[in-house]
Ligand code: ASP
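Shown here is one chain on its own, the form predicted alone, set out as structure tokens.
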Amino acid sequence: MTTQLFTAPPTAGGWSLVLHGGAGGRVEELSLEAAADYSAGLRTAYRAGSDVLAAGGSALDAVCATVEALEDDPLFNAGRGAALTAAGTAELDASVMTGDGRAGAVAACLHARNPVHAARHVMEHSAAVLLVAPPRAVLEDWGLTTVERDYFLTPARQQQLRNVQDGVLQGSRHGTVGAVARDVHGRIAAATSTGGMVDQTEGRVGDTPVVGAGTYARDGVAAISCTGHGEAFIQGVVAHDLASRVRYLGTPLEQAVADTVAAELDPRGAIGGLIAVDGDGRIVVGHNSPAMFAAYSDGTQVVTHT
């Protein structure tokens, strides 16, 4: 499988931000909107994060703002647009990590409107790193916005599930959103969120909330967020493997992305992609899937991939 790579330098302001909305290209089975609508959603999310960074805010605040916007957009497989399990329910996973080694994650989250904020709360206010199905009352005690479970049951996703279960379509394994950033102070952070795979077994957890698999960050090295066949990303510990190539071998970020995909995804017959930013603020988008949703600045304008 051929890996496609796209790179860009930091912005003139000295900060960097790149986001993804899943590998595989436009989600044709939803038949919701034209490509322009996906591009608009990516731009809205990019602006949410870039506004934070341009004002001197932290990389953590930026990636959480970016992912929140994607979770609120039903076009993307996270939050409001989450793919549904075989039982027709939504079970959401999310994680955040900062370059100083702190991390937090939630799996099978049922009531948080924005799972990325639940993951951040775990990181900042809990002794745990990963919580499974935090109760609604706990989320409310944390001050987070909660919703009824049917908030996540959009007509488009319900139709998608029926199509997959009827054999009309093959279920996508690549829907996830994420963002990585470097702020003007040199700090980096990553955040990832997903509804998982269409028609997945209840209780299945992919790579998104697994630190080192779907999400990883280390100051001076790299911040990474992944999307694709989650089991392969877990088995290959993909995000950490990439960071290790940069940290221990001194491999440039772009080459480290290509090498990791070749070593850990291709042999498993898995497709997917990832976004990364290194300690100098250089960003890379890489994927071996036909296409990948992404947005970043090329130094002069915001570029979107749909």
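Residue numbers run from 1 along the displayed sequence. Worth saying up front: this structure is predicted, and the values here are computed from it rather than measured.
Keep in mind that the form predicted together with the ligand is not shown, yet the notes after this line are about it.
Within 4.5 Å of the ligand in the predicted bound form, a heavy atom is found for not a single one of 225, 278 and 284. Shown without its partner, this chain lists 196, 99, 134, 81 as candidates; in the predicted bound form, only 196 has a non-hydrogen atom within 4.5 angstroms of the ligand.
Here the chain stands alone, but in the predicted bound form its contact with the ligand, taken as any heavy atom within 4.5 Å, falls in 188-196 among 150-158, 103-111, 134-142, 188-196. Although the partner is absent here, residue 229 lies within 4.5 Å of the ligand in the predicted bound form, judged by heavy atoms. Proximity of residue 207 to the ligand in the predicted bound form: non-hydrogen atoms within 4.5 Å are present. With a 4.5 Å cutoff on heavy atoms, residue 175 counts as touching the ligand in the predicted bound form.
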